[in-house]
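As structure tokens, one chain now follows by itself in the form predicted on its own.
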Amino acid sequence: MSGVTQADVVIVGGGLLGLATAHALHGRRDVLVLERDTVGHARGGSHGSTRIFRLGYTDPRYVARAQRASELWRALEAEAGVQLLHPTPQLTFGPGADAVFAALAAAGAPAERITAAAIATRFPAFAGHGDAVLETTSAVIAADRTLATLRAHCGAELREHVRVERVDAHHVETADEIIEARAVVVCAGPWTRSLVPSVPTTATLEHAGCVRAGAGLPIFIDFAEPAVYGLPTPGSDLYKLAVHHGGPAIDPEREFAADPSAVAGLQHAIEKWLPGAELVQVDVCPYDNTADDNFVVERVDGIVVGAGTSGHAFKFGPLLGEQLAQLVLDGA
């Protein structure tokens, strides 16, 4: 070990939350980001090319949060001069669709009910699944470009391939050094709990399939149990489809391998929603889950923690970064 060094704010984790927090602190604090692998690495929860942005939730509080996040996404696009959100209509099916419509209406967000007959005309690939709610403010997020944009504009020092072994409110210990810091932030995805054991999260390995289904398809979500969702890849005929929370519990320190039962569930979902589509790739991604799917954005034993993203936090990335940054600033 080389000794003790000093830092202002140390963020453990260079995924979406860590980089968004660094970006929100830019110009207000000096930030050092430590990433165990590389930004966007294949084992991290932030990897991949696309995510869904939507306002539609059954909980009005999440609709309001998504509306605020939308403003921050636009501000980030303007700052960086890049497009990160690609507007794409979205169909919401299933038993939760009525509650989604009610929450959107209560928030004054644009949405409409669309009949099965109208879906067959406007979105023929999704005919035969009944009525739905149509959102026109949804978008496909360019996820990999988002990480690159936050990295380029966060103003932080970023060190990759650094394994953090222990943290407390003012110290970060790696194999090579101890860093004394005014504030410590942990946004390490499924590895967060190994550093902050009292954080109530569990890790699962989720599976997404890329199929060739043609261009111009909408986003969709089916609020069945388990939920199924899909989204197009802008500029491509590839369409990503996944079963939400359909994978097994895992130890994030072990190698990730596709689970046969989860892949079977994915193939069943593809046959239901895009029958005949060619499956060209199965990707695995760890989820960092809480019991109620609400995020952990709080101070734990003096450490600022962003965790429990539960597979639906990417759309809130800039907002969660602002909230975590405020915890750092409030602590000062």
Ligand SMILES: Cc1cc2nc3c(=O)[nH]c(=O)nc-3n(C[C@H](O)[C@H](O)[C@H](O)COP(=O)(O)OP(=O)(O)OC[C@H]3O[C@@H](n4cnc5c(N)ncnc54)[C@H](O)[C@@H]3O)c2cc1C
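Here the structure is a predicted model, which means the values were calculated and not measured. From 1 onward, residues are counted along the sequence shown.
This protein has a second form, the form predicted in complex with the ligand, left out of what is shown; the following refers to that one.
For the ligand in the predicted complex, the listed stretch (210-218, 116-124, 87-95, 162-170) containing residues with heavy atoms inside 4.5 Å is 162-170. For W191, a non-hydrogen atom is located within 4.5 Å of the ligand in the predicted complex, even though that partner is not displayed. Of the heavy atoms in G56, none are within 4.5 Å of the ligand in the predicted complex. Though the partner is left out of this view, L34 does reach within 4.5 Å of the ligand in the predicted complex, counting heavy atoms only. Although the partner is absent here, Y229 sits close enough that one of its heavy atoms falls within 4.5 Å of the ligand in the predicted complex. A heavy atom within 4.5 Å of the ligand in the predicted complex is found for exactly one of L104, C187, L150, V184: C187. In the predicted complex, the ligand lies beyond 4.5 angstroms of every heavy atom of every residue of 136-160.
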